[in-house]
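Single chain ahead, by itself, as structure tokens, in the form predicted on its own.
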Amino acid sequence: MSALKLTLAQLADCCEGRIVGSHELLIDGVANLGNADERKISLFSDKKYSSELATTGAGAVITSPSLADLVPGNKLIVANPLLALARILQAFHAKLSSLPDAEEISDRAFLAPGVKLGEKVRIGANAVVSRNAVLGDQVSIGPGVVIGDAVHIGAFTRIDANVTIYNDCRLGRRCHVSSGAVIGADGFGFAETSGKQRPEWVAVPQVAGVIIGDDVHIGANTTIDRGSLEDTIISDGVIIDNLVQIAHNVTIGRHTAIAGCAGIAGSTRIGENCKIGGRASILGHIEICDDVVVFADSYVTKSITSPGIYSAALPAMPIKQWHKLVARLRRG
């Protein structure tokens, strides 16, 4: 563990918490209740973990006002314990991962002619940065990344190992793209010939790009297709989990969250502050308004015009019960 230590008072400042106990207690990290020692802070936000709380060695515990009376010893009481945990982890991470004073470009990286680099850029081994790409200040490019022609990447953005960003895509400031993501591959656009015994598929050139705003998180192995005639747009503050498919010409509004394995078909528009559950499927050429929650495994086939919570999934059940349910549905 790092030698970095923060007092409980410093941690309270970063998450607007109220301390019960020692303000000067030194904390060197975060751990689960079951694994924590006296120098760690833990989270207790659900009564089902009461048995672990009773035996924890944690020096301090993050909790909510409604659960605070159950927590002995030093505690940090906050309105939203999970958010406080995130702020505290960020406080430790920011201290431990500060960028170097000088740029670090591997001698095994390839930079094509016309590349423009900001200050303190980091580029890992076997990365390729193609012609006329622009990397802003303190951009970090991991090993094996491929950056296409004329790509623009904003300051403080981090691209992890083995990401591919195709030509003419733009990423904003402070973004994070996890390993294996592909941004700007061709959308699935094909026209079918007619009048033949065996019709053929003719590829429709995808000539637009992908525009990604500031503070966007893109998970591992997620794919965001380039637009056909209009750009695919991911707005500021969007967070996207692993293994998500976003097709061509999709627009996603600010601060929307999309969980793993969701699929969004072409030319769909999703509003601001939406939450799309894992493995949800959203049909193409529809619109979803602001402040919509789509539950996991739901299948959205038409536009949603009113904010609210939408679900179309059924939980697993014994097969005989499922057959009876389907029979009832068929009878109308």
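Basically, rigid core = biggest C-alpha set you can superpose within 1.5 Å across the two forms. All residue numbers are counted from 1 along the displayed sequence. If you're wondering where the values come from, they're calculated on a predicted model, not measured in any experiment.
The same protein also exists as the form predicted together with a further copy of the same chain; that form is not shown, yet it is the one meant from here on.
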Mind telling me which stretch in 114 to 122, 171 to 179, 132 to 140, 69 to 77 gets its heavy atoms within 4.5 Å of a further copy of the same chain in the predicted complex? 171 to 179
a further copy of the same chain contact at residue 297 in the predicted complex, heavy atom, 4.5 Å: yes
Is residue 285 near a further copy of the same chain? Define near as a heavy atom within 4.5 Å, in the predicted complex. yes
Taking 4.5 angstroms as the cut-off for heavy atoms, does residue 188 touch a further copy of the same chain in the predicted complex? yes
Considering only heavy atoms, tell me if residue 210 and a further copy of the same chain come within 4.5 Å of each other in the predicted complex. no
So which residues in 30 to 45, when you check a further copy of the same chain in the predicted complex, have a heavy atom no farther than 4.5 Å from it? 30, 31, 32, 35
Threshold 2 Å Cα movement between the shown form and the other one at residue 51, rigid core reference: yes
CA of residue 310, rigid core aligned, shift of 2 Å or more between the shown form and the other one: no
Classify residue 18 as shifted (yes) or not shifted (no) between the shown form and the other one, where shifted means its C-alpha moves by 2 Å or more with the rigid core superposed. no
